[in-house]
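Take a look at this single chain, the form predicted on its own, given in structure tokens.
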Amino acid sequence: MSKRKITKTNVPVGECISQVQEMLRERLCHQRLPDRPEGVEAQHKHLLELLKRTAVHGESNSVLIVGPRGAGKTMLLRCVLRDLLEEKEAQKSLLQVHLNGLLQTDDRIALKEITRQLHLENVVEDKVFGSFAENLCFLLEALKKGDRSSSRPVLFVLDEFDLFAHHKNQTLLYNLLDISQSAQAPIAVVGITCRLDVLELLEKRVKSRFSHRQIHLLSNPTFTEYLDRVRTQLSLPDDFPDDKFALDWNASIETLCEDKSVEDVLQRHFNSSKDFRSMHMLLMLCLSRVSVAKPAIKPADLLEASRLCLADANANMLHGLSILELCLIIAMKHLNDVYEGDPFNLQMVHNEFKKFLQRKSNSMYNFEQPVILKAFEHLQQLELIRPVDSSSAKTQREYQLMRLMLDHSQIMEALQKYPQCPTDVKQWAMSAFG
């Protein structure tokens, strides 16, 4: 008995690290649902009862799940569906149709997708036949033919529900909600949206057929709850194969969460976004630094992960520019200061650059106009500058009005980190920023 126990608990460190990374990645990437969603128990119970009435008792319903992005709307629905399908009757009879407003951009595409997911008669090898009108008639007949006792219940999940409200005449929403309100085939319509004013987007005839049930998920955790979430997300469960490794790992996570520098980093992330997705991204970057040589997350790892998360993409892009392109950006900054943010064109930038060359620089030579035009176009491709309006496309390229999409701090940071930046250019930039 004792020998068996020893073989269970003593696992090589490399294997332990692999298991930790696999387990935590599943958790942080939402591949594994939590046993019960935290902080939304009442909403979970309400939605489960609602869908159970459709799946088991054949009662039609409609409901909206409303909340900001990252609040856990999709996770809540997935947890409810998992619990619902544990019931044999629901598992045997419930049909599911999942639509997304970003993919099904009009009712024609949405109807084809519904027909395909329900495996109806006009589907052959995933291809849907017939016109929009025929598909609609066919689908409505298929749904209206049944009644509460003989038909299989259908669950329609409409992700990005507000985008379906922009479809012409809201035909799909009208017909789905009309069936859910009448005593025909039992269907449940679940809309997921992050717009609080979503009901205002619905036409009067559609709104009158909606049940007006709304489940709100307003994610507003305190910093203590946020810190606890970090702790639970990184902790290992009791059934981890190596007991000693799990104890050491959990103890190191406790120490990590009590560290003052770690608390400051998490506070900064909490102040910028209370969204758990961004927190999971931060923890994922920390986890990627764990190895056999470094079998625990250290405060330095979290600081580095935070630096990567909060890194400015535009400032990073500046590090890869040529000296000429950097000089053009400094010239634009000078023009912005002189003309108080008014737009500029290539000719103005070139004149400003020429002044710099005449006044200060011995280390650089005068570039030809086509070279400067090419550098200017490259900055536009990188979206570091953009045209003021689309009508300017007709004007000559040298005279198109542009705006600079960078601020003072981004340019200064890039200059500090730019490898072997000429002193003259740095001084010129400093004179621009005072």
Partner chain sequence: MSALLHHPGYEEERLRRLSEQLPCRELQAGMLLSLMGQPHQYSYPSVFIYGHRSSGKSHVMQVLLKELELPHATVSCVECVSVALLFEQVLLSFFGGDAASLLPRSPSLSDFVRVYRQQCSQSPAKQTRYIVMEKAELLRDADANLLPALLRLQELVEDNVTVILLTEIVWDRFRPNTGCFEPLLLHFPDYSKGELQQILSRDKHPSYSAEFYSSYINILLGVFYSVCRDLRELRHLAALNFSKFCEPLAEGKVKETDTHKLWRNMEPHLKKAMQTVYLREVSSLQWEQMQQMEEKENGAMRGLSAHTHVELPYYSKFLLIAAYLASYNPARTDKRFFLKHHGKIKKTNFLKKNEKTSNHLLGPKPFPLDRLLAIFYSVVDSRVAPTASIFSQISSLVTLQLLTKVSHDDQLDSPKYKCAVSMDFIRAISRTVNFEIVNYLYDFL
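Note that the structure is predicted; figures quoted are calculated from it, not measured. Residue numbers count along the first chain shown, from 1. For clarity, a rigid core is taken as the largest C-alpha set superposing within 1.5 Å between two forms.
Missing here is the form predicted together with its partner chain; even so, the following discussion is about that form.
Stretch 309-317 is the contacting one of 222-230, 238-246, 255-263, 309-317, since its residues have non-hydrogen atoms within 4.5 Å of its partner chain in the model of the complex. Comment: its partner chain is not present in this chain, but in the model of the complex one of Glu26, Glu41, Asp35, Asp389 has a heavy atom within 4.5 Å of it, namely Glu26. Among Leu84, Leu357, Met284, Ala296, the residue placing a heavy atom within 4.5 Å of its partner chain in the model of the complex is Met284.
Using a 4.5 angstroms threshold between heavy atoms, Leu324 counts as touching its partner chain in the model of the complex. Interface residue remark: Met348 is counted as part of the site for its partner chain in the model of the complex, having a heavy atom within 4.5 Å. Proximity of Val63 to its partner chain in the model of the complex: non-hydrogen atoms within 4.5 Å are absent; the residue sits far from the partner. Using a 4.5 Å cutoff between non-hydrogen atoms, Asn250 does not count as a contact of its partner chain in the model of the complex. Along 66-101, a non-hydrogen atom within 4.5 Å of its partner chain in the model of the complex is carried by Arg69, Thr74, Asn100, Gly101, in order along the sequence. Relative to the superposed core, Cys421 shifts its CA atom by 2 Å or more between the shown form and the other one.
Once the cores line up, the CA of His166 ends up 2 angstroms or more apart between the shown form and the other one.
With the core held fixed, Ser306 shows a CA shift below 2 Å between the shown form and the other one.
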